[in-house]
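So here's one chain in two forms, each on its own in structure tokens, numbered structure 1 and structure 2.
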Structure 1
Amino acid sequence: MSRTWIIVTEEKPVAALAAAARALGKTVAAVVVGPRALADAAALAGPDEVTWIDAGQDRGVEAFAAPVAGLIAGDAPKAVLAGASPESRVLAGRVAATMSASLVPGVLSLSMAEDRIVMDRSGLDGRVIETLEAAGPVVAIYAGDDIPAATERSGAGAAVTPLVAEGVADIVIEKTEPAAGADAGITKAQVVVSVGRGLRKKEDLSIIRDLASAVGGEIGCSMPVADDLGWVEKDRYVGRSGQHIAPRLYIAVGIQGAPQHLEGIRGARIVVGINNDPEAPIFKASDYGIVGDLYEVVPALLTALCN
């Protein structure tokens, strides 16, 4: 079998992409669009070969879709993997179109069955895993967990070959500035106690505050608590359109666990759900949970923490 290609525009998923690609066949080739430092980091994270396209300072990474597609399609691989970032996805879309390949998002793992590619993908906001089979070549948008690059690798990693890109599109980054609330306390907190619409009134926030201080954490919340109710500052709500946080401990109190909320805590190590509905989706995303009324559970936790 020929190479399996991976498309790299950020460092985070490279090791996982390379490992998933490795499961399919012999040689893993990476195309990296970005600064040299990214190519060097990618070379240490698992691929056998690295082709590097320098994106320069103010071109969008997406501007290099055509040269990336030309490079990969020219090799006629059976499978290509890309990370799920918006930039990687745009490159993946062009590659799929150029190769007349199928494009599948949300892919967790790939394997070969005879000459067909079999994929597990996450569906329905992570509620099911769907197994898919592709007859022809596939471009997979990889959504599995990131893994740390192996630090014990011998040697200097893959060689990096620069490629001078042609056919660069007119996509220009005009400015980059910190998003509102980017430096809010919650973004760096190791412990976050987050509250949802299970709280009945604003005054009751005091028990949540007490719990936060008892565990040395910051207060967070679901979107409606900040947006619709205005009980907590907007830069503290967690989720797709709010803060993306990675605390050591996340305690969700009276939060349903909507998929948009959970998007904000993918990096959390331990998640605790407190909800009076045993069927609440938050428990599916939790390591620990207490099924009960938060007005009884939170005071009980305060007592237990004192001992």
Structure 2
Amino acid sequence: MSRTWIIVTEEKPVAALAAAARALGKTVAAVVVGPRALADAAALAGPDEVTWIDAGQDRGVEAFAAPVAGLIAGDAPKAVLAGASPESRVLAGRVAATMSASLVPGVLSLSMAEDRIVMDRSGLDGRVIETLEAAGPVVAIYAGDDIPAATERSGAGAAVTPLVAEGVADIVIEKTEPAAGADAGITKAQVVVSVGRGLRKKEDLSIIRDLASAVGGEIGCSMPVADDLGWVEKDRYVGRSGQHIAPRLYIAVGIQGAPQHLEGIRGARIVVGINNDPEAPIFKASDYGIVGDLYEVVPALLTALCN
């Protein structure tokens, strides 16, 4: 198998991407878009080869989608991995389009079975695990667990090769400012009540708001509630590619607990999970768990808190 490529736009998932890519082939090549410090950090985290594209101070990562796609597609790999950040997903999409590859989100692990790529994928907000097989090429958005720093490769690491990018889009960052609602309190709140796909309809958000009000907290949500359904503002969804929060108390209502979501609450001091599925992954991350229908549990909590 040819080299497996990883796309790097931030430092945190590099070791996990490299380890996942290593399961598919002997050689892992990384293309890094960002400052030199990011390329140097990536070189120590597992890849065998690192190609660095300097994004500069006023260029968005998205501007380099064409040269990244050209670099990777020119090598004709069977598999490419990227993280779940918005920047990485933009580059991954361009790579997939250039290679006429399948773009697979939510991938937890990868392996080879003869000449086919086998992927375990999280679906339905973590409620099911799908196993997919593909002959390739595949561009996978990795959503598995991160690798602790202690397991990352030490020493000199891979050599970093600068690349003068051609075909850079005319995209310039004019200014950076908080998104509307970003100061609404979720990132600084001491208490956050988040809701997931266990909620049946948008109108039922009222009981979640009542619970948040009763405990003096802010409302958050899992990614599907904001992205797919649009029931809650996108700046309030918690997860790897959303908000990373560290409240004193985090209450997850009707959230299964996909790895992408759990990444966003690693800093929470106390986690309470409410779910009708006793096997829901959220309970593994919870200090306290309540197994039950949120439509029964939340009103009971409101009665106890308000009386």
Ligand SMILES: Cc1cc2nc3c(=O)[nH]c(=O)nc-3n(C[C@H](O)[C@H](O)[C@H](O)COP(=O)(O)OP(=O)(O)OC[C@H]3O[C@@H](n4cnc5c(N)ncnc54)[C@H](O)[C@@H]3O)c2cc1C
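Throughout, residue numbering runs from 1 along the sequence of structure 1. Think of the rigid core as the biggest set of C-alphas that the two forms share within 1.5 Å after superposition. Everything numeric here is computed off the predicted structure, so don't read it as measured data.
Trainee: Of these two forms of the chain, identify the one that is the form predicted together with the named molecule.
Mentor: Structure 1.
Trainee: Does the C-alpha of residue 215 move 2 Å or more between structures 1 and 2 once the rigid core is lined up?
Mentor: The answer is yes; the displacement is at least 2 Å.
Trainee: After the core is overlaid between structures 1 and 2, has the C-alpha of residue 12 moved by 2 angstroms or more?
Mentor: Shift of 2 Å or more: no.
Trainee: Fitting the rigid core first, would the Cα of residue 58 be found 2 Å or more away between structures 1 and 2?
Mentor: After core superposition, the displacement of the residue 58 C-alpha between structures 1 and 2 stays below 2 Å, so no.
Trainee: Where the core is superposed, what shift in Å does the CA of residue 246 undergo between structures 1 and 2?
Mentor: So the C-alpha of residue 246 has moved 3.9 Å between structures 1 and 2.
Trainee: Could you tell me the distance the CA of residue 269 travels between structures 1 and 2 after a rigid core superposition, in angstrom?
Mentor: Superposing on the rigid core gives a C-alpha shift of 7.2 Å for residue 269.
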